[in-house]
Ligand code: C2E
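Let's start with one chain on its own, the form predicted alone, as structure tokens.
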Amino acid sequence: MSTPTEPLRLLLLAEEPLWAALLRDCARPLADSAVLLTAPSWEAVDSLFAHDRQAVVLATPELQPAVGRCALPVILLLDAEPDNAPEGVSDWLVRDQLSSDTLRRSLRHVRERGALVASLQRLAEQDPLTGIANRQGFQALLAARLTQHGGRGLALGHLDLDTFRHVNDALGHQGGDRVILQVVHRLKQLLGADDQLARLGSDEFALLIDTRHDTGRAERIAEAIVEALAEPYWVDGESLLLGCSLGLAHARAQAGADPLMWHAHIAMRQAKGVQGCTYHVFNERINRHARSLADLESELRRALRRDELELHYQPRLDLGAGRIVGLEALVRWRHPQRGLLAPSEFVPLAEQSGLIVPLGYWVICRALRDMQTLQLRGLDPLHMAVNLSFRQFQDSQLLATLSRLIVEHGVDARWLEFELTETAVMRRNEVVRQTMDALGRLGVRFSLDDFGTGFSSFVHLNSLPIALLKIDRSFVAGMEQREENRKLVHAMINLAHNLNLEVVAEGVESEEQMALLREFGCDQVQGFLVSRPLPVDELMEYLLEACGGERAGQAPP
């Protein structure tokens, strides 16, 4: 927080003059490294301190800034030791225990915690291998750039490496990583200072190209990219060639980020129809076979009516007990023409169009039905985790509908778990809290999905009734090779345990990852090492074989 040339500003919010006198005495030994300032309220000075990273707020309970209103770390000043840890603060100090040493220790604690949170937040928006933006970071960046330029003067490229899976199979993941680093190096050399590059997935990239001063610039860059990526890659003295498919879409005024990403994706899929390295530009008049968002939305509505959706279940393994204790329900769309579609190919559209609400209810109903089926086959119940959209929180019928479905299927609500993203639960925090409390009274429990990808609001997590945290697969991947990943995962597990929360690590694919997570004290894991997502019939066989005479489940907490 503080630097040798800039003292740490201690902003005191307290009506009682005694606090100012006490803190002034305690801060005196800190010499020039800290300065004490006073203010009547946070609202009176928030415009001066809102973006000041060299400041800490010390406030009494009556003047404590409202949760979510103050971006600075808050140390609460109390007359007596509290029975429970205060919510929404970084630390607290008690009047009769206040001294220079306790103040110094508190400031050090706040600084170290702030540094960890800042590091996790930065890495949550950054691909750990390449250092460029990841999907979460790019989506925020794209939305900001479109707003900044009114949706004009930008082109989006969606790049996919063809047959990259074979590279990993032939060279191993370390060899695949080296190829990815070479790809990123070549792309960076072709992009300008006002362009952005992001890694959306294993072998998928997004390129945001500035065309404000040159409308044909995106096409020229696309030509240079397909030429550069057609050159051989070298790994351990071996050369290999990769194809690539690049889709380009030009932003339109007020069109928004989702349609732009969808159009770039469509163009990329069309480029895949040509072998080698090639690119395709999306044009609604020319691309008659490209499905618009409206077309796909209509198809998704029909899919809900025609029962084209299905659930696959990924088991969760308890590392201590060595048995399956939970399942995550993952929706799939068996499209008549396009085959089995992953959630990433239609759930964002459902979110945008509002179809996520009926889709969410379908998932809950099907998951409850399958829970009932598993019990009828003699299996003990398992925790069933279902992703719950923020839009469903806003549905007035959520509580009544869920109560009815639980009764209809004869399922103990204590086995039902809703997975929420951190980004969702930190929007309109009070609304989310009230809904979670109401659902909790039914017996439902909550887990936080993609832990670490929205860490800016971590200090508020202990105010929400969350029982379990899921560490995002982007942190678990590469733990074997990168010490930074190992330290981050270990730190997140310790932070969660300090809040008395269980931890599930996602995306576990190797025995080495499993061993590290067990060493770090992780509670549960899921990933291809345990099992791929399975249709309910295959899941039944898997569980019966995994039990081998024992029961997979355990008594609910």
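Position 1 is the first residue in the sequence shown; the rest follow in order. Note that the coordinates shown come from a computational prediction; the quantities given were computed from them, not determined experimentally.
The same protein has a further form, the form predicted together with the ligand, not shown here; the description that follows concerns it.
None of Glu419, Asp160, Asp91, Glu299 but one reaches within 4.5 angstroms of the ligand in the predicted bound form through a heavy atom, and that residue is Glu419.
Interface residue among Ile356, Leu260, Ala198, Val183, judged by heavy atoms within 4.5 Å of the ligand in the predicted bound form: Ile356. From the list 337 to 345, 238 to 246, 71 to 79, 127 to 135, the contact stretch for the ligand in the predicted bound form under a 4.5 Å heavy atom rule is 337 to 345. Within this chain, Glu43 is remote from the site of the ligand in the predicted bound form, having no heavy atom within 4.5 Å. In the predicted bound form, Cys522 stays away from the ligand, with no heavy atom inside 4.5 Å.
In the predicted bound form, the ligand sits beyond 4.5 Å of every heavy atom of Leu103.
Mapping the unseen interface onto this chain, Glu502 falls outside it, with no heavy atom inside 4.5 Å of the ligand in the predicted bound form. For the partner-free chain shown, Asn387, Leu388, Ser389, Gln392 of 373 to 393 come within 4.5 angstroms of the ligand in the predicted bound form, judged by any non-hydrogen atom.
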